[in-house]
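The data below hold one chain only, encoded as structure tokens and taken in the form predicted on its own.
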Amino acid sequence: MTLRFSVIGLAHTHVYGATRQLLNAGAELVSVASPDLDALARYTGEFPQAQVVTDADAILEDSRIQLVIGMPRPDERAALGMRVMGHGKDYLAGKPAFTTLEQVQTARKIQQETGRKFMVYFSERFANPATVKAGELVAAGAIGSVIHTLGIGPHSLNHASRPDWFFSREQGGGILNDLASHQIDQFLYFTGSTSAEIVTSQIANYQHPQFPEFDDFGDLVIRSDRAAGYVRVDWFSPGGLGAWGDVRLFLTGTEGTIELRKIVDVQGRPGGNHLFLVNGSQQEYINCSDMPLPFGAQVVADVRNRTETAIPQAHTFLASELALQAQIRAVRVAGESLQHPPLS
């Protein structure tokens, strides 16, 4: 039976990667809804099979559709997911999927009541061949048990192309909740942690005073009963890099190390998806560009079989909750101090 899916919201280009992975897995794209007419034109130019609908409720009420990709503005994603699950459909959200802890708590309750799926498209893992290969190597014991992760996620800002909501803490969610959610997801995944805590976190606005609610830098320390990790994210990728960010991940295991240069290898090998493995018997470079991406096929199978091979539900909520806690508890070290609501 073919999985049929639709898209609501086009506020992030990650929707393109998620769509392609589902299509490559044999799913059928039915329709798309978005108030952004320019984004609609771009999306349907890439995926002309998607029927444009003016009312998102038409998608929710369409009995043919089993899965909805939701990528409206970040502060609208959780509410949409709850409505999707309430209509008996599974949901794949862009990150960040939540902007408050209350949203996480409510979504968790509705997910348990409905039995529907609330997934988050952590593209830095699901859409990156080098990260997929690293997962295979770790699962095979190539570096023993992972005891530490170091993830850095610099991004280029290009602020003139960003919508106003991007610079709003309430609507955009903050840098740690947004960008660092990728690294938190990977910490949990690679260390096999099912619980964790944010030890400390900090945020700053070093160079963009015209956007007082904006964070252009953030970092955090995370730990579990299995491992520890450090994350640094920022909006300072220099223009001369030739890519949007020199994203790297370092895995320290009990028997070796893995380094991923995901996007670019500065003054090194061309392209991205570079993996460096060192253990007790070898040091090896692996070009992961041709590594298949299993996420789309896993989602299709999970929707059909009610399994959790793509991303466990508990992992989705835990990674999102930790990212929010890091954001809310962060000490602001530069820029205007902002008051956060208390944790609940």
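Note that the structure is predicted; figures quoted are calculated from it, not measured. One rule holds for the numbers: they count along the sequence shown, beginning at 1.
Beyond what is shown, the protein has a form predicted together with a further copy of the same chain; the following relates to that form.
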*Hey, of 73-81, 166-174, 228-236, 92-100, which bit sits against a further copy of the same chain in the model of the complex at 4.5 Å between non-hydrogen atoms?*
228-236
*Listed residue (His87, His155, Arg261, Arg125) with a non-hydrogen atom within 4.5 angstroms of a further copy of the same chain in the model of the complex*: Arg261
*Could you tell me which one of Asn273, Thr252, Gln111, Ser193 places a heavy atom within 4.5 Å of a further copy of the same chain in the model of the complex?*
Thr252
*Look up in the model of the complex whether Gly256 has a non-hydrogen atom within 4.5 angstroms of a further copy of the same chain, and give yes or no.*
yes
*Examine Glu284 and determine whether its closest non-hydrogen atom to a further copy of the same chain in the model of the complex is within 4.5 angstroms.*
yes
*Decide whether Phe217 counts as a contact residue for a further copy of the same chain in the model of the complex under a heavy atom distance cut-off of 4.5 Å.*
yes
*Should Ala314 be counted as a contact of a further copy of the same chain in the model of the complex, where contact means heavy atoms within 4.5 Å?*
no
*Would you mind checking 185-213 for residues with a heavy atom within 4.5 Å of a further copy of the same chain in the model of the complex?*
Val199, Thr200, Gln202, Tyr206, Gln207
